[in-house]
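Just one chain follows, in the form predicted alone, and it is written as structure tokens.
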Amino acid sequence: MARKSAFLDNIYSVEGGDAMQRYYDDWAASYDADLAANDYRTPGRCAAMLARHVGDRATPILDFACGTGISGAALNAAGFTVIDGTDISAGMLEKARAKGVYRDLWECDSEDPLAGVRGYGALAAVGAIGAGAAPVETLDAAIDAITPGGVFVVSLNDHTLEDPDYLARLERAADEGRIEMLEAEDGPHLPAIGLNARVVAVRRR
């Protein structure tokens, strides 16, 4: 049975990096319980897709907008051993640190969260880009953060897919020869509230 969460209900109305930072700081204490109660499937789906396309489990991975570390725990459970995480919320990072699955964690700039980030063999953006999260231009920054041949996995929930710019941005990057589209899979995101997500994997050329 779904657990009612005011934070979950209102996240899509939060605007601006500073407001988002405060919102997630306030949500940190109940975040894991709220998402577990709503059967959060996307971290496991993203980790499984990344594992299908990254053979070396020691490949350094950036868990972008890692939150409390639910996504990092899923990556670790899939066998990945070198996971870094970044988030705009210090409160969320404190919870992530306690999970013990990250090599390094740092608080990023809410306006330019991937500034200067380069050299990762893979990057996961689990519920991190789209409505109620980072804006569409973050897709380009994520691609730039991985090495040629590296894999980027991103989830785009139903609310995000209502805006065609997100998929169009990935398609443009493919048309420009920056990425190769590997896989896209529709499936459950928060099934307790009837919300789905598309998980997409691309390889940087």
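Numbering starts at 1 and runs along the sequence shown. As the structure is a prediction and not an experimental result, all values here were calculated from the model.
What comes next is about the form predicted in complex with a small molecule, which does not appear here.
Undergrad: Is there a non-hydrogen atom of residue 121 within 4.5 angstroms of a non-hydrogen atom of the small molecule in the predicted bound form?
TA: Result no; residue 121 lies far from the small molecule in the predicted bound form.
Undergrad: Considering only heavy atoms, tell me if residue 150 and the small molecule come within 4.5 Å of each other in the predicted bound form.
TA: Taking the distances in the predicted bound form, the answer for residue 150 is no, it never comes within 4.5 Å of the small molecule.
Undergrad: Test of understanding: in the predicted bound form, would residue 88 fall inside 4.5 Å of the small molecule by heavy atoms?
TA: Yes - in the predicted bound form, heavy atoms of residue 88 and the small molecule come within 4.5 Å of each other.
Undergrad: Using the partner position in the predicted bound form, report whether residue 66 sits within 4.5 Å of the small molecule, counting heavy atoms only.
TA: Although the small molecule is absent here, residue 66 would touch it in the predicted bound form, with heavy atoms inside 4.5 Å.
Undergrad: Pick from 73, 83, 105, 134: which has a non-hydrogen atom within 4.5 Å of the small molecule in the predicted bound form?
TA: Checked against the cut-off, the match is 134.
Undergrad: So, a 4.5 angstroms cut-off on heavy atom distances: do all three of 59, 60 and 77 pass it with respect to the small molecule in the predicted bound form?
TA: Not a single residue of the candidate spot has a heavy atom within 4.5 Å of the small molecule in the predicted bound form.
Undergrad: To test your reading of this chain, name the stretch in 159-167, 140-148, 172-180, 38-46 whose heavy atoms come within 4.5 Å of the small molecule in the predicted bound form.
TA: Selected range: 38-46.
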